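Just one chain is shown here, as structure tokens, and it is the form predicted alone.
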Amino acid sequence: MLLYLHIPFCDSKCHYCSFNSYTTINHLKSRYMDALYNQLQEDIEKFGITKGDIETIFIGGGTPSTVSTKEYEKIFTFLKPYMRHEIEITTEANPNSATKAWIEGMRELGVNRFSFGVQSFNEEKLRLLNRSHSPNQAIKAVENAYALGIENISIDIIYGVADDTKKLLKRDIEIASSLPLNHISCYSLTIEENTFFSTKANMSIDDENLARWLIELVQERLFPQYEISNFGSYISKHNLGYWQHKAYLGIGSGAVGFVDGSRYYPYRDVTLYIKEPLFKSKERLSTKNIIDEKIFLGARSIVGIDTKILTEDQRKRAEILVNEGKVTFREGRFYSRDYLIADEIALYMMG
């Protein structure tokens, strides 16, 4: 079982961000963390979670580093009996709020993996994105985590932003390669509705050649690719768990859970969530829904697609893709050779 904890608070709203995060509700932090704790207790009991069942924890947002380590203490105390011995515990963090003291406090609580929202080491690009940190703060945050004994460190890089050039992106990757990382996420900018960028023209660059060039560069300078946006000498167990279609609890406002073939949706509105943290709507997935998802997820990652879940027609289609050199087959699974066309591969395979 995977566990995701959602923290909706931010110091500033990035111009591309469509996540459930806010800059104007920081006065609700304590009440929100109490509500999150109540939902966590309820769901652990409701879904029959027992000793050692939780294999990974991921704290995301929003910006988890805007919440003091003190607010996390009772959550980790409560969760301790349910954690596996070799558990991976990741927190996202922003370089400007992840102070050395905060990183140390989270490490003492058990966090053993940090993912920093760097996005770029270029000052002008950071301003364009409305990021609230500097390149030096990003570098220092990574160095602080490493100095405190954190071995598993990741950063996010965003590309396909207006004015991006190969020179700029190459410099970002060069700086990343000089840091003590073992994982990097590279996300292509997608313009989402109700974001600042959605009100502006020409903010993104949709260039498949640029994406291919960057993927090759990251694999050459840093790490192998294990899914469409992620690369690592260390593969995140939590991230891979989603691609493997494992069950997960989603705790917090708008944090979706998936257990026993159903999805669960708490209130997205933070005020409503604080009032009723135990509320959740339920969506039951059909067998076809689940198989379709496994095909899409498998095509986009090293997980691959188990031939046993495919119909005879789907297997024939997969074999056609093998003959065309777009898919490989080994040990009972089909694997995409090119994640950038993974969705097309999945759709063709599904028929």
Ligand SMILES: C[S@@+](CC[C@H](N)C(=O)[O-])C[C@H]1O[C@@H](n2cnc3c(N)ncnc32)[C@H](O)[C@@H]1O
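These numbers were taken from a predicted model, which means no experiment stands behind them. Start at 1 with the first residue shown and count on from there.
Same protein, other form: the form predicted together with the named molecule, not shown, and the subject of what follows.
Not displayed here, the named molecule is approached by Gly61 to within 4.5 Å at the level of heavy atoms in the predicted complex. By the criterion of a heavy atom within 4.5 Å, Tyr187 is counted among the residues contacting the named molecule in the predicted complex. Although the partner is absent here, Thr90 lies well away from the named molecule in the predicted complex, with no heavy atom inside 4.5 Å. Of the heavy atoms in Val259, none are within 4.5 Å of the named molecule in the predicted complex. For a residue to qualify, one of its non-hydrogen atoms must sit within 4.5 Å of the named molecule in the predicted complex; all three of Tyr16, Gln119 and Glu192 qualify. With the partner omitted here, the stretch from 151-159, 101-109, 136-144, 217-225 that lies within 4.5 Å of the named molecule by heavy atoms in the predicted complex is 151-159. Along 125-145, a non-hydrogen atom within 4.5 Å of the named molecule in the predicted complex is carried only by Arg131.
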